[in-house]
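In structure tokens, the next block holds one chain alone, the form predicted on its own.
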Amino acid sequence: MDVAIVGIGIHPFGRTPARSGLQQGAYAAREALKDAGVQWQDMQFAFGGSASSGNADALGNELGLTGIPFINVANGCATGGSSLIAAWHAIKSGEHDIGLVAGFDKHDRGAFNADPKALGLGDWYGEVGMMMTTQFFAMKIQKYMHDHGISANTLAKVAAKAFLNGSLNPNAWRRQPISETEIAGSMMINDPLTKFMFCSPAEGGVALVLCRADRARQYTDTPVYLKSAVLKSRRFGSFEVFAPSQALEQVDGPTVDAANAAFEMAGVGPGDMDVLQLQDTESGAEVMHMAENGFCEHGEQEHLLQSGATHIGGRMPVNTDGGCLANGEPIGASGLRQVYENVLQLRGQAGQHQMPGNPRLGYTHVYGAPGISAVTILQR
């Protein structure tokens, strides 16, 4: 049974001192329900996640206690993608006809304070500073730049594009363009990544209403169909965040496996995609994920990014809403934000950041610690 997205809702990302993370999630849920023309009482199930703002099922306290199964999901930065995949299975299996997916968070300022023990690591891993993931990502992109000829200027271009796109998105946190020169010259965090090449922990909420595809037009004239939804974890030998060692022989990471499985499931290929949302926890991640998801060969990013191919008007638009760099990353909501953006794009409702050309297929990818990737392919 096919599955459709018939309602979408978002609470603006950034900082909202007067509203808790849970309230931001409830706001997004009400917007999604309104968009689908349904009531909370119509939902047969819900899945959701939050890392810092309590259990997602507490949304029932805000929306109403209706007795439905509401399952909490926790899967790092892939929480949103994991919640969506769980809901997709619930409908595809025939168990339910319609339900809600929600994700929200309200993180403290500063870096995430992860616990080594929660990831199966000893205290030593934090004591040597590696729980600061800026170090891991810097090491990974340094090696990648060396191996594949990626320049530091290309990293600045990724961030400049993100802030430009964010300036066009009313729900983004960072609403001002920042020049490549300012990005490259900002505070060095971990070489080669500067302050404006990293995303920040943030706040926000996103919700989606999903239903059986054969009933989608009961709720909307613009259904978007979820053609594939895949989650993969790391294999031995892949180089992932929070890995205490590196195997002598390296294998492809979970993103490659998730992408390949998603394309096969949907019966399409990378060249068929019209708009892409790729995990950009920092500038280097977007560069590497372009190749890992199959949209170019390793090293081709240098030409693509320098030529403007990944801009909204380019032939391969990437992170049209500004991505994590411009929106920040509230963990529970981040993956669902990508889906929200692609639904807007496929409906033609993205306003100033709408890509041209009547897009038909959208792709999302989210990567989380300690090596999980979730991919969806959406079709108008």
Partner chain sequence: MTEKRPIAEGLFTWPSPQPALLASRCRQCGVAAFPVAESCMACSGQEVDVEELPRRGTLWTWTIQQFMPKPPYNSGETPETFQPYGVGYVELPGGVRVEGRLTENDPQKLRIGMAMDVVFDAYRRDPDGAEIVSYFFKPV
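Positions refer to the first chain, counted from 1. Note that the structure is predicted; figures quoted are calculated from it, not measured.
Note that the form predicted in complex with its partner chain isn't included here; everything after this is about it.
Enquirer: Would you mind picking out the stretch of 299-307, 71-79, 173-181, 247-255 that comes within 4.5 angstroms of its partner chain in the predicted complex, counting non-hydrogen atoms?
Expert: Only one stretch qualifies here: 247-255.
Enquirer: Only one of 142, 260, 218, 151 comes within 4.5 Å of its partner chain in the predicted complex by heavy atoms, so just point that one out.
Expert: Looking at the other structure, the residue within range turns out to be 142.
Enquirer: Of the residues 243, 291, 164, 98, which one places a heavy atom within 4.5 Å of its partner chain in the predicted complex?
Expert: So the residue touching its partner chain in the predicted complex, by this definition, is 243.
Enquirer: Looking at the partner-bound form in the predicted complex, is residue 116 within 4.5 Å of its partner chain by any heavy atom?
Expert: Residue 116 belongs to the contact set for its partner chain.
Enquirer: Residue-level question: is residue 213 within 4.5 Å of its partner chain in the predicted complex, judged on heavy atoms?
Expert: Although its partner chain is absent here, residue 213 would stay clear of it in the predicted complex, with no heavy atoms inside 4.5 Å.
Enquirer: Report whether the minimum heavy atom distance between residue 135 and its partner chain in the predicted complex is within 4.5 Å.
Expert: Yes, residue 135 sits close enough to its partner chain in the predicted complex that at least one of its heavy atoms falls within 4.5 Å.
Enquirer: Taking the shortest heavy atom distance, is residue 188 within 4.5 Å of its partner chain in the predicted complex?
Expert: Residue 188 belongs to the contact set for its partner chain.
Enquirer: Any residue of 14-47 with a heavy atom within 4.5 Å of its partner chain in the predicted complex counts; write them all down in order.
Expert: Going through 14-47 in order - heavy atoms within 4.5 Å of its partner chain in the predicted complex - there are no hits.
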